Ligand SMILES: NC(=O)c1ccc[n+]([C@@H]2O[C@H](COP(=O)([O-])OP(=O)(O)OC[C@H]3O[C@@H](n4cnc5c(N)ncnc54)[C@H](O)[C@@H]3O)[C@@H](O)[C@H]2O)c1
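Here you get one chain, nothing else, as structure tokens; it is the form predicted alone.
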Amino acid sequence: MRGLDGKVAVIAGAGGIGGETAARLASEGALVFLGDLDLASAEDHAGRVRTKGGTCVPFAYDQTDDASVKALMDAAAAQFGRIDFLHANAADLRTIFDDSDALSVGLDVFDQTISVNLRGMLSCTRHALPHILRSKGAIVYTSSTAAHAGEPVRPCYAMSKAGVTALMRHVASRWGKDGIRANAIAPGMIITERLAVTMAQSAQDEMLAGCRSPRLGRSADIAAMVAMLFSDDGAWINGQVIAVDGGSTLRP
């Protein structure tokens, strides 16, 4: 895609979508700095990128720790001399199975979900944005269709993702005139490498039944949209939530 060659992209959150996005951006010529709480995961994905001739540097950071997030951005800028793009992707999916409903969910589940999925997104934004302002680049946030679907379960997750949408729109509104683009992608059911192994086929079939597509999503589907939004082809897209969900949700 046009405009990605030689640009520097930080991906905060390597698991699943993040790793695939690193591969896609690197294949387009971008220099990728890949952060994750699990350094082994980041190293694995970075190694795959490098075997195909791309540039990808792994880095361990904790999204709940503001100083650690700053260290991620500082290290990326020191490594490559600039930051053009941020894909704010990390989320805590460990608590999602305990995210029951508003009456019974533990406040510890809420606190952990918000700490990673929302407070951490603010940390990523505030530490990447000064660099991105200099390069007049772009931010893509990973939101979720859960933010607007109105599910009977997962209220903490949905609230965190709705908050990500609000943060994205703030960034687009506050700094759009300065050349910054901020958008969010709302994935549907994405069968990552891990889910392909751990998720029962019956559960996948149930998800597929509610999707206006002959298949469920893949991490590559999200990576392709991130690449487009970062590219010159996405130059006039700002402040938008773009559902990449096979038509599972229909909304303006």
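One rule holds for the numbers: they count along the sequence shown, beginning at 1. It should be emphasised that the depicted structure is a prediction, and the values quoted were computed from it without experimental measurement.
Not pictured, yet referred to below: the form predicted in complex with the ligand.
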Check: Is there any non-hydrogen atom of L31 lying within 4.5 Å of the ligand in the model of the complex?
Finding: no
Check: How about N183: is it within 4.5 Å of the ligand in the model of the complex, going by heavy atoms?
Finding: no
Check: Is I139 a contact residue for the ligand in the model of the complex, using a 4.5 Å heavy atom cut-off?
Finding: no
Check: Quick one: is I190 in contact with the ligand in the model of the complex, heavy atoms, 4.5 Å cut-off?
Finding: yes
Next item on the list: Please state whether every one of the three residues D5, A26 and R82 places a non-hydrogen atom within 4.5 angstroms of the ligand in the model of the complex.
Entry: no
Next item on the list: Counting non-hydrogen atoms within 4.5 angstroms of the ligand in the model of the complex, say which of C156, A91, M168, M73 makes the cut.
Entry: A91
Check: Looking at 126-134, 99-107, 140-148, 169-177, which lies within 4.5 angstroms of the ligand in the model of the complex, counting heavy atoms?
Finding: 140-148
Check: Which residues from 58-82 come close to the ligand in the model of the complex, meaning a heavy atom within 4.5 Å?
Finding: Y61, D62, Q63, T64
